[in-house]
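Coming up is one lone chain in structure tokens, specifically the form predicted on its own.
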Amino acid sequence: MTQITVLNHPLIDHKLAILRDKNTPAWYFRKTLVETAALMSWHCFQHLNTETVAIDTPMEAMQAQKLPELSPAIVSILRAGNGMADALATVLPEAGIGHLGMERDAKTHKARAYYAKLPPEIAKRQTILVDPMLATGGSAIMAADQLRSEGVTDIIFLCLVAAPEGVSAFHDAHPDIPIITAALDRQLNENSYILPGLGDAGDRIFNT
């Protein structure tokens, strides 16, 4: 069963209020999104796998925990996921970075794939999939399907805002993938936008 974690943190709540405000300019939206994702990374990275290695400190030998030699991957759902991916990569510079292009049809609200570029040996990497919004779930499901088709078995999904409809759809398709979000909002509107939401994250990031 899908695990969903809604983060409860006063600073994340504060920054999310800035992101939701329609009067927040694009430059400030981008900056705040990166800061919010960096705060969320602490909980996300709790899911990372480590392995025991022998090291020598200046004082003595010891057993320590380190990431696997084949580092985790951070995969952005284009285009809005890039800000979150950049924030996570700042904290985890060892990560391989991948991009999956998913575009929502304005009339049908269905996702279509148009681009894929993933780190080498992706099947052996623990993978964090990022997208600011989990609305209908179509893009996230298609992206997770793509990762599964490449042999990836260990996936975490990180988003800023989720709708119950998207969570339910993602759960039905990928019940074993944990979802980490800053907010679980009320519902989708007739155009499949999240309410209260924050609008189109990609448009607000890139001022388009």
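We number the residues from 1 along the sequence you see. All values derive from a computational prediction rather than experimental measurement.
Omitted here: the form predicted together with a small molecule. The next part is about that form.
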*Quick one: is Ile194 in contact with the small molecule in the predicted bound form, heavy atoms, 4.5 Å cut-off?*
yes
*asked:* Just checking whether Ala85 would be counted as a contact of the small molecule in the predicted bound form - the rule being heavy atoms within 4.5 angstroms.
replied: no
*asked:* Is Ile128 part of the interface with the small molecule in the predicted bound form - any heavy atom within 4.5 Å?
replied: no
*Would Arg104 sit within 4.5 Å of the small molecule in the predicted bound form, counting heavy atoms only?*
yes
_in the predicted bound form, segment of 131 to 139, 90 to 98, 116 to 124, 67 to 75 with a heavy atom within 4.5 Å of the small molecule_ = 131 to 139
